[in-house]
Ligand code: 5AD
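A single chain, nothing else alongside it, follows as structure tokens in the form predicted on its own.
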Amino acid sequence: MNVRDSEHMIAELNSKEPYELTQELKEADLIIINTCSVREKPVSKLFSEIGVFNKYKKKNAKIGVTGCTASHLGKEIIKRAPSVDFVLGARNISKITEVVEKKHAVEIDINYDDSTYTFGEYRSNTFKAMVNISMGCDKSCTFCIVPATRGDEVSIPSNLIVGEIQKAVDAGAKEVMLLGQNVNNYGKYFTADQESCDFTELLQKISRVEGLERIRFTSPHPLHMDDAFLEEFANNPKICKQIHVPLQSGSTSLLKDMKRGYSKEWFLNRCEKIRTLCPEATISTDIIVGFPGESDENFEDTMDVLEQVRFEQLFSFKYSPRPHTKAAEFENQISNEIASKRLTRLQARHMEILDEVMDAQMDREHRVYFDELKAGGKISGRSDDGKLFFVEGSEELLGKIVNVKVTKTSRGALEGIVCA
């Protein structure tokens, strides 16, 4: 979502002046730090980054802080770092051309409505497109700062989404990634007049775009994974068979404390349904260890889900208390030592599972969509089920979907040869 926000800001700036991206700090007239605040570490890093940029930037170059940390710290950023020229919240990025002209401008209205705003066209990769389908979040997970930084949930009208995808396809994209905090809650809230349309229906509409061959989305919420949605996922040939199902914890009691709205049993049932309907699908997840009150038994529940589902990809973190969240006020915080031990054990076991999963790919064939040139005469792409592939190749393969046979495996990626 932050990558797409960055693309939107670049497009808006380019509509006013012919900005060009540079990797050289000393060449930049404008430096934008687009931030995340889901965990504490990136927020801490922000101010050291500002210091580095301010020290080495050229005279009169502007520095702007945007994104979720901008939303929740606001004016405090400029108080702590007066070298920052403007602060722009995650929900206000269409205002980038306004704030860049105003010294110490602060725009952080988390309920500003961009849902019908048409951004300019800019994509960092012409072969695949990221498209927002909603903004904000209607959940109140006790560990999560997102509702306080991205505001209330609102869906973007389906005709605008389909139109944006058609433009991307016309420009060369064959794959789209649909973005939202809870994509499968799509259609619950609109601010503009819009015919009724839920996420399953939206997927069906998008599938009718001629020239579009692959649809991905992130992130769905386990609570909204009804049978109709999972059947569409399994049976629609354009939907890639890769799905992210955020667990957070395997303990039903902790899930209740987290206000996730589902139980361990519901989560396992949904994953079993995916495996039954679509055996070739890969399932990834998010897990938090050391959430306040997590007992040894609670953690064992999480390990049990890991064993049963055998996630192909795992994003795991120690609990990080965040401002504007209920869990930060809970008294039964877990020590860093205990959380670290649990995280180490979780990740070690997942590495073992991942080794087994990836080693089993040897000599198998996958349909791979190539979209990026790499150094050393290699080209990369992803299979339908989301596995990263590298092969020897040139730009002739860019934008093509071809059969690839696996010749080498590792945890992070597969290598192969293009089949004749």
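In case it trips you up, residue 1 is the first one in the sequence shown, and so on. Predicted, not measured: the structure shown is a model, and the values here were computed from it.
Another form exists, predicted in complex with the named molecule; not displayed. Remarks below refer to it.
- Distance criterion of 4.5 Å from any heavy atom to the named molecule in the predicted bound form singles out Phe143 from the list Phe233, Phe311, Phe217, Phe143.
- Only one of Ser320, Gln347, Gln166, Asn125 lies close to the named molecule in the predicted bound form, with a heavy atom inside 4.5 Å, and it is Ser320.
- In the predicted bound form, at least one heavy atom of Asp286 sits within 4.5 Å of a heavy atom of the named molecule.
- Taking non-hydrogen atoms only, Thr302 never approaches the named molecule to within 4.5 angstroms in the predicted bound form.
- In the predicted bound form, Val38 approaches the named molecule with a heavy atom inside 4.5 Å.
- A residue is said to contact a partner when one of its heavy atoms sits within 4.5 Å of a partner heavy atom; Gln248 meets this definition for the named molecule in the predicted bound form.
- Checking 168 to 176, 69 to 77, 143 to 151, 103 to 111 against the named molecule in the predicted bound form, the stretch whose residues place heavy atoms within 4.5 Å of it is 143 to 151.
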